[in-house]
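Take a look at this single chain, the form predicted on its own, given in structure tokens.
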Amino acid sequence: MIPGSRIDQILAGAAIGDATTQSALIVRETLRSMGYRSDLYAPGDRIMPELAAQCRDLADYRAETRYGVIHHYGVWSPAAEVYMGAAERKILVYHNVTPPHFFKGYSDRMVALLDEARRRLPEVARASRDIWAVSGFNAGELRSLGFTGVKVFPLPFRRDALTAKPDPGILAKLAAPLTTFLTVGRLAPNKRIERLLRAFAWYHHAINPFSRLVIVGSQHSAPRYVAYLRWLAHELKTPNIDMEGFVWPEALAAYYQRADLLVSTSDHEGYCAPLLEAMHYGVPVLAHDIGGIPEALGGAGARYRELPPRLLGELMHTLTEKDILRRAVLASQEKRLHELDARRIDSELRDLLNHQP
């Protein structure tokens, strides 16, 4: 490690609310605090205007002899091509590639992108001097492809990044005393939000009509899937299902503040940052026990395996009504937050950068 050297990061895109972008920003600030020069780069048309001051256009990147370049990989993009052509020490951070089969019938474009990302993952990994994965689940996937020496660098998360003040308009909109279930994340088929819709519909009609479901997340990945969810909500004849789409941090903070329970029904997650965000806001978490979710939770929250709508709805009811269980879940989440607060990302990065493969 050479103080004053440059370690840049290359991303497929930069967006507000994106866990990969947020983790890259944390890594950049940590590297700078360690004495490195460090910037973020992404394709210019994939940088949200609000992040223009935080992320530079990939067209301005020049492959020079520097200390290193980090590439955050989860989908195939021009960023991967630039990364593989870089002259410096290359470090791959693997965030997981969603299996393409989830998008079949919903988005041919995403199927092609994810197929390409999975097909070329070994090529990108072979070009890398170091391979880091944001969860043991992701590391296991790389090891199954024959790559040894994969190191786990859990997705960086800092509570002090969640500084947005709750939007008063959203707080007012959700002021009615309804039991509020929330799910957060892009509306993609692997999230299996249809399961949550069916569970909520059963709960709403069988247990508590004074309830609502709020679905927050970008709707751009698979518009056909979003259309299916809207159709299903109509078919279930259940009111109070709000599909809010992408929201700004102030709105998201308000949704968390009003939520009684965060529910993740996803079938594939490399880590799942919204679980940690919910913990920060004091919201109990219920998540499908798959992929990197157990690592993100670290023993906190509540997990379930493959429940039909009625049983999932009953579990949602239990976690909102049973004070003893609810308090136990919240206590487990506070313990997890203390663990995350005590994490020394700078020490982890220092050890990883000093590692000799």
Partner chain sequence: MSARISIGERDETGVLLPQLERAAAARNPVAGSPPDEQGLPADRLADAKDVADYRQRLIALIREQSAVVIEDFKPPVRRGWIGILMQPWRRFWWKQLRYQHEKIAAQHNAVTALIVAALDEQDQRLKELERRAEATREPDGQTDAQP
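Keep in mind that this is a model prediction, so the values were computed, not measured. Residue numbers count along the first chain shown, from 1.
One more form of this protein, predicted together with the partner chain, exists but is not displayed; see below.
Asker: Identify, from the list 161, 232, 251, 113, the residue with a heavy atom within 4.5 Å of the partner chain in the predicted bound form.
Answerer: The residue in contact is 232.
Asker: Heavy atom within 4.5 Å of the partner chain in the predicted bound form: which of 198, 120, 95, 89 fits that? Just give me the one.
Answerer: By the 4.5 Å criterion, the partner-contacting residue is 198.
Asker: Hey, in the predicted bound form, does residue 59 get a heavy atom within 4.5 angstroms of the partner chain?
Answerer: So residue 59 does not count as contacting the partner chain.
Asker: Contact with the partner chain in the predicted bound form for residue 301, defined as at least one heavy atom pair within 4.5 Å: yes or no?
Answerer: Close contact exists here: in the predicted bound form, residue 301 approaches the partner chain to within 4.5 Å, heavy atoms only.
Asker: Quick check on residue 177: any heavy atom within 4.5 Å of the partner chain in the predicted bound form?
Answerer: Yes, residue 177 is a contact residue.
Asker: Can any non-hydrogen atom of residue 106 be found within 4.5 angstroms of the partner chain in the predicted bound form?
Answerer: Judged by the heavy-atom cut-off of 4.5 Å, residue 106 is in contact with the partner chain in the predicted bound form.
Asker: The partner chain isn't shown here, but in the predicted bound form, which of 49-57, 36-44, 22-30, 313-321 has heavy atoms within 4.5 Å of it?
Answerer: That would be 313-321.
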